[in-house]
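Below, in structure tokens: the form predicted on its own, a single chain.
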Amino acid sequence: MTTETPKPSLSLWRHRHFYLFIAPFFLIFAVFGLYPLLFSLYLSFVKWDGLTQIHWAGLSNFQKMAHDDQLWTALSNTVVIGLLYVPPMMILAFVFAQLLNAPWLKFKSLYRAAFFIPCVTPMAVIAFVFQLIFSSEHGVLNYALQHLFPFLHLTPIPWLESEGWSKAAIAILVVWRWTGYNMVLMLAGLQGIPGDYYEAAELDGASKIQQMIHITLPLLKPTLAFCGLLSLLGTLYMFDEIFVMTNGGPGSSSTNFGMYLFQISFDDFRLGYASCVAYSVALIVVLATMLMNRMNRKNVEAGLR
């Protein structure tokens, strides 16, 4: 006995009510997601201030990027701030995740909530508190450093007024705010490692350090790579932390890429050039991400062999 397969067009029409249920999502995505994406791509080839007529500029926006010293300064500041906070944040998140994954630790839910609270705290509150901490005259941090290390005869550090120290102040704030978020991701990765591996390693006489090197770190590598990638993207497009702490200053010493993009978009109203810069850097990030994923996949495959 054979059954007749309905034609695709008839099948679509027969199930049209299902498509009506999911249509609002695609409609909203098309209006608020896809259209702005395509329109900003078009803007990268024009000159437009948002009010006057649009003028076609071709590739001139892309040529201008090569001679834009402020753009290269912002990218170099982004790299410096990232180097200052990503490694210590990853190490702290890994250490805290290991502690919270320990079977002997009590009140784990309380500690997890405490570590995650900075991620959901409003930035206005964080800015107010950290401006008190980093104040050069009455700041808590300078007071603590001078009294903890009196033999060094430290002078008050201008955390927010110095071109060098402003990056360090931002890095400290970001470490405090986002370590808990990365810790939760790493904790989930640790809890996904089968306990049989550790039991077998203990039977073979492996020490805790050997288990860490040969079991935990290799199996946690995808999670670590994911956290590192999120942190690098966060560094590139970080805005609110820098805006409320230093507003990109003093001078342009703490202006990162996200801050520079905001300035050329909404201070200078060079929307065409801003779209060009955003798309160019986004393309570089996509290529770098694909390269990292490919390298990570090769490492995992090599580890499984």
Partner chain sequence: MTPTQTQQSATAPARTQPKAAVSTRKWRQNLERGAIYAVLTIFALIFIFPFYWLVISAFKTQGQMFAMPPQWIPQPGTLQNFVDLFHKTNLPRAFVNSVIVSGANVFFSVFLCSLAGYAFAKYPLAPGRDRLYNFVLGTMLIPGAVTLIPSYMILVRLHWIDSYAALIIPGIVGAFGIFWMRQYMIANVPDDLINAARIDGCSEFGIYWRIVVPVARPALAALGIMQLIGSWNNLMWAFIVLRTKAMYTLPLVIYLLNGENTQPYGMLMAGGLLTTLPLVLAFLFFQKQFIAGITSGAVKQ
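These numbers come from a predicted model, not from an experiment. Numbering follows the first chain given and starts at 1. For the two forms, the rigid core is made up of the largest set of C-alpha atoms that agree within 1.5 Å on superposition.
One more form of this protein exists, namely the form predicted together with its partner chain; it is left out here, but the text below deals with it.
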Using a 4.5 Å heavy atom cut-off, indicate which stretch of 210-218, 69-77, 113-121, 161-169 touches its partner chain in the predicted bound form. 113-121
Partner contact for residue 91 in the predicted bound form: its partner chain, 4.5 angstroms, heavy atom: no
Is residue 153 part of the interface with its partner chain in the predicted bound form - any heavy atom within 4.5 Å? no
At 4.5 Å between heavy atoms, is residue 56 in contact with its partner chain in the predicted bound form? no
So in the predicted bound form, does residue 198 come within 4.5 Å of its partner chain, heavy atom to heavy atom? no
If we check its partner chain in the predicted bound form, which of the residues in 16-30 reach within 4.5 angstroms of it by a non-hydrogen atom? 17, 18, 19, 21, 22, 24, 25, 26, 28, 29
For residue 287, is the C-alpha shift between this form and the one not shown 2 Å or more after core superposition? no
If we fit on the core, is the Cα of residue 27 displaced 2 Å or more between this form and the one not shown? yes
